[in-house]
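The chain below stands alone and is given as structure tokens, in the form predicted alone.
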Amino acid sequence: MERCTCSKAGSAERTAGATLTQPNDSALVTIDLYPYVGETPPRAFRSWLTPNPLFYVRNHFSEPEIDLTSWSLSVEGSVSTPLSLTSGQIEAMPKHTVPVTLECAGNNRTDLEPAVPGNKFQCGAISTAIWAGVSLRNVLEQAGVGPGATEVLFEGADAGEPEPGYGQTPYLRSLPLEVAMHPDTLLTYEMNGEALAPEHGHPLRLIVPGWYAMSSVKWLRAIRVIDYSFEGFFQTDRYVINSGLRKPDPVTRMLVKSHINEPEHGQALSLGEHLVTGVAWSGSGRISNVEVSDDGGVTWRPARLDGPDHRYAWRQWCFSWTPSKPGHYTLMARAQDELGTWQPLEPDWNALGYAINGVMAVCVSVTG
């Protein structure tokens, strides 16, 4: 299987101007302006926590202006006691803090061939933060969930026309009741110890650990407990896996995946020992194994898991690599989660470009 995408001259020719082609490490890589979409610069992945200014941003509509003095969160629908909660009332509830990696469902969309529509994400639509707020379960228990409830619907304050002719709609997503009632599903108002910034959902953002981030509704203003399966644009028209071979499947949990931080693609290395590092994650459990290949996936050797080990956050890994001789090498990494699921070599193509988790290839040239 050919994984190298370099020219016949190899990667050495790409290295001379590498510093000129690297993204700005102190700012997001802009993908779109209206609404704003920006990727985390790859070098930020070397930190287990993503600094707030470098945490990727994915907006569906323009960022809403919210007056906190008049803002409240409504909880209604199939509940015994409808609620209207101010930010002060929410912050007075027991605080729950959870490290969570969020990945946009369209991350690595540019890996697919043939190309698909949507934001042209490379590898930076993923970041990790420590989120703090209240357990959604506490709020739902205060409201009293009705006996026939099956889902919980979340509404953001952002709104617009998702595609020509559809009409105006707020951003709406639902969760199965059992996911909404999990104690780690959060209504958050803090991110890495700071108040949520407007671009990340101030004053309140839903965080659904393990799920692709389209479920973590920003600028949350309403929660409705329902007794039916919600069908809306961002639930059934988008965020579905449509391969053209069967009925579309909904996008839910993040698939097992890994990323190589160092060395960088196109880098020139000297002959000798080098440390290959990266991160790996899965929405279905902790990472149990990472393996590295230096021959394009023919053979694999185990890497060492490193750094903090949290249920919903990516895991750092490292691998000591000594190339046997000068030449051109294709490095690859693959991860396995605690359920035994291995990351595939190739991503599954789908028409909207979601849940892309094929292995990453990094080509380097080694000189004597």
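Sequential numbering from 1, following the sequence displayed. As the structure is a computational prediction, the values presented were derived from the model and not from experiment.
Beyond what is shown, the protein has a form predicted together with a small molecule; the following relates to that form.
At a distance of at most 4.5 angstroms from the small molecule in the predicted bound form, none of the three residues His259, Asn261 and Val276 contributes a non-hydrogen atom. In the predicted bound form, the small molecule lies farther than 4.5 Å from every heavy atom of Ala129.
Using a 4.5 Å cutoff between non-hydrogen atoms, Thr50 does not count as a contact of the small molecule in the predicted bound form.
Although the partner is absent from this view, Phe319 stays clear of the small molecule in the predicted bound form, with no non-hydrogen atom inside 4.5 angstroms.
Mapping the unseen interface onto this chain, Arg315 falls outside it, with no heavy atom inside 4.5 Å of the small molecule in the predicted bound form.
Interface residue among Asp294, Glu151, Asp158, Glu190 relative to the small molecule in the predicted bound form, by the heavy atom within 4.5 Å criterion: Asp158. Here the chain stands alone, but in the predicted bound form its contact with the small molecule, taken as any heavy atom within 4.5 Å, falls in 218-226 among 218-226, 81-89, 242-250, 68-76.
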